[in-house]
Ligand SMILES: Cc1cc2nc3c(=O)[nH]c(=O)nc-3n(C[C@H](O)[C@H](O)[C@H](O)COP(=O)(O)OP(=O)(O)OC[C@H]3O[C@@H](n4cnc5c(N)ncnc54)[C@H](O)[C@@H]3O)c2cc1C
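Okay, so here's just one chain, in structure tokens, the form predicted alone.
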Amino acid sequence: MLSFILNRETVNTGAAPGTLLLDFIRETMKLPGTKEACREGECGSCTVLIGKPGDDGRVRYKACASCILPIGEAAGGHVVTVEGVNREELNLVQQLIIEENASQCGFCTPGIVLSLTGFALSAEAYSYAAAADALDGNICRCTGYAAIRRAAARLAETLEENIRDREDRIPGLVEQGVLPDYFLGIPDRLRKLEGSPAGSKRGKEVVVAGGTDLFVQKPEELRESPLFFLSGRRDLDYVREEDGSLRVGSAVTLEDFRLHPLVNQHLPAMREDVLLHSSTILRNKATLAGNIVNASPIGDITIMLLALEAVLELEGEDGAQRRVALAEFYRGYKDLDLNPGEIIREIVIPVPAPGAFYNFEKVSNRKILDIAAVNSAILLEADGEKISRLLLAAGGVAPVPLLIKGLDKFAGKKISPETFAELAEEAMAAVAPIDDVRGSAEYKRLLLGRLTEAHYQKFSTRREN
């Protein structure tokens, strides 16, 4: 039996944990405000809020795509649809959308309302930039984004002026008319829920990290499958610094990783680079560990981590642990050095040396929410004007995410356009891309060369600044 709160109502259901939350909301609970469209987490029409209590008892809400979210992930939490933010009069977000003429046909509007409400609940800063980022997963085909952005800007301005307590902001959001007042009682109600989170004890179940690709690829198969949700392992939800490395628990989402102070301190480029991976409603569920095990040869996160020399701590069903370098984790296409029953427990990322240069480049049809044709990441350490250490990773050019080998020969060479031209030739010779819908093999090989030269351009720009 799964227990959670849906808007104002406590729900106890025997639905299979793999049931998609969108289907449960619309078909079982008959709430039509959450829209069904792409079923791939791409358009934002199905956006809901998922609130889970933290160790301090406060409920933290995230906007998520319900069309690829299994209902088991909602266990023990508060699910909020557009009906759940309605008040007797329009709430502040709805009112601003009306005033700025930011809704036309209205199909996408509930998702936009929820994304902006999620911004109000969780944003680090009430800025227009943060509000725009919160909307990066919401597609509108008829209104025009200028009006939506105006509403978002006004919301950010209003909240910046009036919400003083950012740690416990729900009372202020109720006072400002963003949330109905029943939100104030949700923490106590969640504490009284019966039952344990779905799939929190691992056996032979299918392991679900974020599920943002898994439930696109095979939702019907997983609907009735026994599932183990990594999010139920609260002990794996952490980022900490230890022995010169960042240690990232496998339950950490991409968005929490992107915004974590330690990550921003040691890997500041990640704050923008991870935005290229996907939209907010996906980053709020997707995990680094899930991206790694998904084993896409073109996965952005994996390419970034390869260049940073990440190491994986694996955990067996019996609790036994072992360590494997990410560069050795992929034995072939979708073939992993992962024994039956093992999970990634932790990703260990060595902190780059002071002055080291890290950069990520990606070419895709769209800036975000798109698979790259080719992507690449570099880590370069220098001794004056000469290379002392060089790591180059590339995606889309091999059956696996690839850390290019044999680059020790570049140690001692001058950092120059000529050296990077030579590096580009070396990289192109080391890969074996294939023809597919994202481009011909020759195009991808040449693109990797261009991206390698782009790394140098970024290096030169940063050195000048």
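Heads up: residue numbers just count along the shown sequence, starting at 1. The model shown is predicted, which means the values in this text are computed figures rather than measured ones.
Below, we turn to the form predicted together with this ligand, even though it does not appear here.
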{"query": "Whether Leu308, Ala424 and Ala427 all lie within 4.5 angstroms of this ligand in the model of the complex by heavy atom", "finding": "no"}
{"query": "Contact test in the model of the complex: Ile68 vs this ligand, heavy atoms, 4.5 Å", "finding": "yes"}
{"query": "This ligand contact in the model of the complex: Gly41, any heavy atom under 4.5 Å", "finding": "yes"}
{"query": "Interface membership of Ala153, this ligand in the model of the complex, 4.5 Å heavy atom rule", "finding": "no"}
{"query": "Leu159, heavy atom within 4.5 angstroms of this ligand in the model of the complex", "finding": "no"}
{"query": "Heavy atom within 4.5 Å of this ligand in the model of the complex - residue from Val208, Ala393, Leu179, Leu312", "finding": "Val208"}
{"query": "Contacting member of Asn284, Asn291, Ser231, Ser115, with respect to this ligand in the model of the complex [4.5 Å, heavy atom]", "finding": "Asn291"}
{"query": "In the model of the complex, segment of 292-300, 81-89, 385-393, 349-357 with a heavy atom within 4.5 Å of this ligand", "finding": "292-300"}
{"query": "Sequence-ordered list of residues in 310-346 near this ligand in the model of the complex, where near means a heavy atom within 4.5 Å", "finding": "Leu338, Glu342, Ile343, Ile344"}
